[in-house]
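Read the single chain below, which is given as structure tokens and is the form predicted on its own.
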Amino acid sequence: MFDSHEIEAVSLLLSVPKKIVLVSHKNPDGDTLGAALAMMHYLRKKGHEVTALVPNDFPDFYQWLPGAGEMLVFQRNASAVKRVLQEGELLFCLDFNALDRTGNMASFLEKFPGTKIVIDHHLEPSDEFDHYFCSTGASSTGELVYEFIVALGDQKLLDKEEALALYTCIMTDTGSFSYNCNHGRTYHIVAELIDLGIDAANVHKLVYDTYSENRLRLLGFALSNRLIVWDDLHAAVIYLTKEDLKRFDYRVGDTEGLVNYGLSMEKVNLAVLLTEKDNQIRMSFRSKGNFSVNRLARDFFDGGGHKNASGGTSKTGMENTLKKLNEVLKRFKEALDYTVSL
């Protein structure tokens, strides 16, 4: 899976103790968090000094992951993060392929004095790294972290802590095994993780069955009052304003998975979630079949990601963003008119 020369080079770097920094992308999800935590536990077993960083806060329903409480949050402790980066020797970037995906942390990562390594499964990585362990065919970055550890000959070091983190990566980035997981290797890895002693059903419960009353009411409000269906475009849009989020006492993670409800409708091949935050509109895109939302997000909304799952942004306000989205999708009207079949 990985280039043997890259593996040899990084194996040599890891052969003596080093100060290693692990970085997750902005608005951390289960894949980037799980990948970082799995790497943290693994690298510490090899004798390294390891610190994991996140640009901003992550959802409470990931706090149970072993080691999550140790992660330094740039948004809340910028001075400590800067100090760690200044002293670091190796930097692992996990689940993102361009430094600007870390938001305000990017300028400090660019100045990192040591070696930069990326492990990721997104399209079109930038040229900012020294070593690449990337595959767009992987279900998740967690799957690639597992393959990375195996390629280094360290599978024997894996135990329940790493398994919990890596299973969370795969489970969340495949929507509980409903997309991005049409390869047998993914399930072989999952089986091996379960054999390390994790309770898969309990992991699912800890992530997905922890809704607050406000989060559930926000979901109901979004589907009842903020859902737009463009039948002629085979598209569904859910939008939430700052006032909507305030009304339901929004907490980080409360809109996670909401975009998928639009895609659950028959004859809808594209779903979009628009969320108004920090004077901009965050956009989540999901698609069925062969329609590439990566292209849509990249070309029109300053974003990108995967073929069927991507993100973007808009700074023109909710009304103008909805108008632009409709106009853009009209260009793809024929491409969105298809039936997903076996």
Ligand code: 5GP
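The first residue of the shown sequence is 1; numbering continues from there. Quantities reported herein were computed from a predicted structural model and do not represent experimental measurements.
Just so you know, the form predicted together with this ligand exists too; it's not on screen, but the next bit is about it.
- This ligand is not shown here, but in the predicted complex it comes within 4.5 Å of a heavy atom of H306.
- The shortest heavy atom separation between R286 and this ligand in the predicted complex is within 4.5 Å.
- Under a 4.5 angstroms non-hydrogen atom cutoff, this ligand in the predicted complex has G312 among its neighbouring residues.
- When this ligand is considered in the predicted complex, D302 lines it closely, a heavy atom lying within 4.5 Å.
- Only one of 63 to 71, 33 to 41, 48 to 56, 276 to 284 lies within 4.5 Å of this ligand in the predicted complex by heavy atoms, and it is 276 to 284.
- The partner is not shown here, but in the predicted complex the stretch 16 to 38 reaches within 4.5 angstroms of this ligand through a heavy atom at H25 alone.
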